[in-house]
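Heads up, the chain below is alone and in the form predicted on its own; it's given as structure tokens.
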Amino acid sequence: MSMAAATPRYGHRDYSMLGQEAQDAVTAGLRSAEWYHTEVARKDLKELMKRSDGPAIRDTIIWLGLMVVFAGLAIWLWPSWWAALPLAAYGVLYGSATDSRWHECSHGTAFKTPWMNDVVYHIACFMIMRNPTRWRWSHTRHHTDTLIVGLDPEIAVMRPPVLFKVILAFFGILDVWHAMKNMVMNTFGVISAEEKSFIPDMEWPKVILAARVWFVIYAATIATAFFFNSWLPIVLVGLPRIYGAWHHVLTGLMQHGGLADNVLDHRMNSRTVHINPVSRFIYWNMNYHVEHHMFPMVPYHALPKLHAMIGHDLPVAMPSMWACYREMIPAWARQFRGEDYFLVRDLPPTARPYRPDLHGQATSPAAAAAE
């Protein structure tokens, strides 16, 4: 792994969708640009992209079944402190596993049957508190303009990182606050200027409808808690988004943390990490993140096979979460002294070289080593 400091371009980056960086990115030709892709035989890619209901039905039954079991145990043990144990597991399945479920179903690749994708997508969106219409368009933009400053609305860690916000993210506090604020605004028919920058106006009624449905559900949950004079309804609906968020943040930060922005090669701005089987189930194989960004229409269950097929052209995958954070944390610390500092992914000798002349301002591995 090499580290590089690119030539400063902006001073302090403006990550809003309405700032100067957004205009500069468009002027530079970075918006909806052509990305680098590893060459894969058409026959092999077609096989990889083949959709199937089986794996997702199996995983969804396990996921929801475990939630029912842990919720049942929590209700049985409530109000004993022993209820905290099943609630901890329930919270991760509610507040973290849903992050990968909404994500994969938004691509329409988890299930072969479209309505199954839609049902799981809407359930997961409610649990993770992401308006299904807003986030479908937001994520489309994320894939079109991955880590392009001012165009990608899903950049998790900015440069330099705001550590207070990163820490709060592990508890879901800021996410929940913004989700609830947006839900209330949308419930009353208000679409923010930033939302309007990536959501077509014909989709705004869907944003408002989803917000109003959620508003009714949360109001009913709170009313039920008051009626029974118990926190349990809120602990099971809504609150798990806070106490169960830590795992999706732990894995999510690894996707792009500390890597180059404003480049058009996912090998430079995304990261693949080997993780344990339990976390892979919760995360639905999104640890194969370079592969997912290169070929987003390959279903989650085929990503390990894709990884084996194109690994010769990709940076070596990080061996563990621990190893990943060991490289990210020092990089984030270094960005406090200069926000243009970033990690550069080393490519194996078998890979086609990174082309900074075609794919943006990230320093190539060779240039980085020479600095």
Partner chain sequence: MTNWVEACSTGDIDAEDVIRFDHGGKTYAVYRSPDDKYYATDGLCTHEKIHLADGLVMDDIIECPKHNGRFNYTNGEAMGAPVCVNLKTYPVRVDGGKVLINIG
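Here the structure is a predicted model, which means the values were calculated and not measured. Residue numbers count along the first chain shown, from 1.
The form predicted together with the partner chain exists for this protein as well; it is not shown, and the discussion that follows is about that form.
Novice: Within 4.5 Å, heavy atoms only, which of 26, 64, 321, 49 is in contact with the partner chain in the predicted complex?
Specialist: Filtering the options by heavy-atom distance leaves 49.
Novice: If the cut-off is 4.5 angstroms on heavy atoms, which of these, 189, 114, 277, 72, is the one near the partner chain in the predicted complex?
Specialist: Only one option qualifies, and that one is 114.
Novice: Which is the contacting stretch out of 28-36, 64-72, 300-308, 330-338, given heavy atoms within 4.5 Å of the partner chain in the predicted complex?
Specialist: The contacting stretch is 28-36.
Novice: In the predicted complex, is there a heavy atom of the partner chain that lies within 4.5 Å of any heavy atom of residue 58, even though the partner is absent here?
Specialist: No, no contact at 4.5 Å.
Novice: In the predicted complex, does residue 202 have a heavy atom within 4.5 Å of the partner chain?
Specialist: Although the partner chain is absent here, residue 202 would touch it in the predicted complex, with heavy atoms inside 4.5 Å.
Novice: Within 4.5 Å, heavy atoms only: does residue 137 come near the partner chain in the predicted complex?
Specialist: Although the partner chain is absent here, residue 137 would touch it in the predicted complex, with heavy atoms inside 4.5 Å.
Novice: Is residue 144 close enough to the partner chain in the predicted complex to count, meaning some heavy atom within 4.5 Å?
Specialist: Yes.
Novice: Are there residues in 94-123 with a heavy atom within 4.5 Å of the partner chain in the predicted complex, and which are they, in order?
Specialist: Read in sequence order, the residues that approach the partner chain (within 4.5 Å, in the predicted complex) are 107, 108, 109, 114.
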